[in-house]
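One chain is shown next in structure tokens, namely the form predicted on its own.
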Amino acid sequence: MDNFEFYNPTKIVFGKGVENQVGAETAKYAKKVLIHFGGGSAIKSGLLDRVRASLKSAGVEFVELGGVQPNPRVTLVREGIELCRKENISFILAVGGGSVIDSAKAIGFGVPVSHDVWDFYEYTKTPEKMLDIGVVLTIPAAGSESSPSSVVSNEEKQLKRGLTNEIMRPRFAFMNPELTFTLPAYQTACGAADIMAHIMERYFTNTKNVEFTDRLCESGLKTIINNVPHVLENPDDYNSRAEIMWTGCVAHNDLFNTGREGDWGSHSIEHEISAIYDVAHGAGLAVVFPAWMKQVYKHDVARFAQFAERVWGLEMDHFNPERTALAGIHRLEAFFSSIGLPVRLSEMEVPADRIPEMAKKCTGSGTTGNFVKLDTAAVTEILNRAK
């Protein structure tokens, strides 16, 4: 096990109707805020009205900026930065899923600086301070409600880049599983793949003697595998929705990767797909992750066999553990298909002609990933496996 520090200051308020308390919590930090949200669902469901009412009852003024899209755009982030400056905003309340939260984070650390916010995502600048943010979560997937990460797309450059910095953790997150009842089945499934990918990026590690966090990761994966079919059959299953929402939060709050090195190669590869073709992030991960596994499993057959045995309940073939490892990969792929997700680029209508470009953008002049260092040729092969 590696040395580590773990600190997560995000306050979680979880359960039925908790969004009605958001005004009192927000008032502890600011008297005027930006409400940042996506499209029609927050309005149609009445959630935005409840948030407004809660803020008003707590004496908190607000301005609003909607329109966040999946794979959030830096153009809207820039608009939000200017709005916050104009209105003298010191706090951002994100009402939505990972895209809304990531966009809010980008606005938050873009306001205090004079240079373009995209400089942070090109890693030529490092954020040192930002506006405080809070969250009312509507989609369990990205885990951004308590993570130190933000991912934003630059549509002009057809790039999607992630940024991690501890100052980005929200002050609080209100999480009501009831708000997920109306999610379309496909969006629920994409969220599940995103959660599983966050866990698997941590699970496949070169760090030895990490049994405790191995077991945490395996339990998280099994919880998603067990509960997603329930909510696809019965969208109003509160208990299963709650299990998924809480697992999604913990999957990306850094607890599961304490003392171990994560990989993150599959995320880097998927970012290039969604940057160009604007596919759902979870769907892209459902395509990339099995292809990545098929490429790298021989690096540590024992770990992949353990994944097959402990997560999928497959019997270990002690005379041929490679057979067990491959069976686990196929079970993952079959699970994604069973919940309505693509497992090939062609299923997302992503053509193969830009694979060389995506591979090059992913690695630049170096490599991506830690479990196995992937150069441009290796990423190209993974994308070809995914065709």
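Here the structure is a predicted model, which is why all the values come from computation and not from measurement. So that there is no doubt, residue numbering starts at 1 and follows the sequence shown.
Below: the form predicted in complex with a small molecule, not depicted.
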Thr180 versus the small molecule, in the predicted bound form: is there a non-hydrogen atom within 4.5 Å?
yes
So, Pro70 and the small molecule: in the predicted bound form, are they within 4.5 Å at any heavy atom pair?
yes
Decide whether Asp254 counts as a contact residue for the small molecule in the predicted bound form under a heavy atom distance cut-off of 4.5 Å.
no
Does the 4.5 Å heavy atom contact test between Ala106 and the small molecule in the predicted bound form come out positive?
no
Is it the case in the predicted bound form that Thr205, Asn320 and Thr324 each bring at least one heavy atom within 4.5 Å of the small molecule?
no
Ok, Gly248, Gly284, Gly98, Gly265: which has a heavy atom sitting within 4.5 Å of the small molecule in the predicted bound form?
Gly98
Just one of Ser149, Thr223, Thr258, Ser90 has a heavy atom within 4.5 angstroms of the small molecule in the predicted bound form, so which one?
Ser149
Could you tell me which stretch in 207-215, 231-239, 309-317, 138-146 has residues with non-hydrogen atoms within 4.5 Å of the small molecule in the predicted bound form?
138-146
